[in-house]
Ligand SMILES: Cc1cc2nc3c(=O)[nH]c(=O)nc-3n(C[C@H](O)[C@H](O)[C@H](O)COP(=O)(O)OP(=O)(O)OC[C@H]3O[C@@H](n4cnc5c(N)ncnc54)[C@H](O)[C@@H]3O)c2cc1C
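Just one chain follows, in the form predicted on its own, and it is written as structure tokens.
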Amino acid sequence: MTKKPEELILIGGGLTAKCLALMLSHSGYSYSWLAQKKEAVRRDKRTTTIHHAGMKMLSALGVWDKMSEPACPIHTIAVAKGGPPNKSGRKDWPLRWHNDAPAMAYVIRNAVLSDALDAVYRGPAPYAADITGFERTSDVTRLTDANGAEHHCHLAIACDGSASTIRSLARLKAVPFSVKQTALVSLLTTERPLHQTAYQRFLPGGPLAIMPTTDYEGSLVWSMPDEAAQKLAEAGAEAVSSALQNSFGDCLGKMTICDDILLWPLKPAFMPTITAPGLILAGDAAHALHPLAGMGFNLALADIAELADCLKTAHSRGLSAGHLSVQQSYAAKRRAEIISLTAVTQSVNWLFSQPDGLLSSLSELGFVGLGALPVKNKLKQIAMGGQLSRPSLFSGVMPF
């Protein structure tokens, strides 16, 4: 006798999958959760930036108050084109956004967020399985794992990362962007307080971002050409600290790398189609952004929040989670934001990372002029979330 298919199967094991599992536990649909088998890894020391709308969503899901340490608010964003001023009197950080209340975004350690998600989740535990086969027959999606076991559902939701196995098995394309950059990631201490300010310099080799985690500690994400990143990381913390000081400037006083140095090859890509019969992609499986805007996880939160509304509508109409309307609605709701942020991050990284020359000079003039335009306030609103995507959870309202 064939086992009755689950309404939903979630595939993935990262932060996005944990958030999605928590949302599904409220959805009214039955589901199971498959996570890729992995060897034990060290506790994640990286940080994630969550915009204001994302904070409201995590609060509605009961996660925000369960975090073991407070997230660091960001009230100011300071951006500059090129290195620190080499002429006396030249203004640094010509483009600035500020919001007294609420904070525009928050920086939280990944491990802290992961623990908080675990603390509030009450649904089925993830089952370790490496998926090797995907097939859609009639209204049933059939997943086959490496042990030959089959898992049947009406709708599969894949958030198994930018190199998504499920996406490949379903023959959904990913269009890669050739950036040839690697992100050097670590934590640093500062001599002067960060004052809840996020800094970003667009250097010729790639953007350098410092996000505040406490008054005198920040998270560093420095994108640069692959070979340069490898050489600098191999030179050690002292060499990275020195290079950082030269490239960033002295506005924060002496900066010192205080943690392991990690390298993340950047592979941004655009996915023209994020659904297939019986399948929805979410998180990095659906969009892989350059980290310069810190919007990757926020885009994943928007995926989850929009999917929540789609499932709520289907459930209220007595429809299966695999009903075509769920996939069509999800794809329509996500298209504009994904295309917009992909285009902006790729264009900004290319334009503002140009070496000295006419194009670089023109981009700098436009960069400075942007601070005087009304669009500046619109950009601040977008950075806070809930503008390009307006799901219920982004207003702090549970749809279920």
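Keep in mind it's a predicted model, so treat the numbers as computed, not measured. The first residue of the shown sequence is 1; numbering continues from there.
The form predicted in complex with this ligand exists for this protein as well; it is not shown, and the discussion that follows is about that form.
Would 54, 383 and 391 all count as contacting this ligand in the predicted complex, using a 4.5 Å heavy atom cut-off? Verified in the predicted complex; spot residues all out of contact, no.
Residue 291: heavy atom within 4.5 Å of this ligand in the predicted complex? Yes, residue 291 lies within 4.5 Å of this ligand in the predicted complex.
Examine residue 66 and determine whether its closest non-hydrogen atom to this ligand in the predicted complex is within 4.5 angstroms. Outside the cut-off, so no.
With the partner left out here, check for me: in the predicted complex, does some heavy atom of residue 322 sit within 4.5 Å of this ligand? So residue 322 does not count as contacting this ligand.
Taking heavy atoms only, is residue 296 within 4.5 angstroms of this ligand in the predicted complex? Because a heavy atom of residue 296 falls inside 4.5 Å of this ligand in the predicted complex, the answer is yes.
Where does this ligand sit in the predicted complex: which of 277 to 285, 91 to 99, 170 to 178, 193 to 201, heavy atoms within 4.5 Å? The contacting stretch is 277 to 285.
Among 159, 155, 311, 302, which has any heavy atom within 4.5 Å of this ligand in the predicted complex? Only one option qualifies, and that one is 159.
Would you kindly say which of 261, 140, 129, 228 lies with a heavy atom within 4.5 Å of this ligand in the predicted complex? Filtering the options by heavy-atom distance leaves 129.
Residues within stretch 185 to 199 having a non-hydrogen atom within 4.5 Å of this ligand in the predicted complex: Read in sequence order, the lone residue that approaches this ligand (within 4.5 Å, in the predicted complex) is 185.
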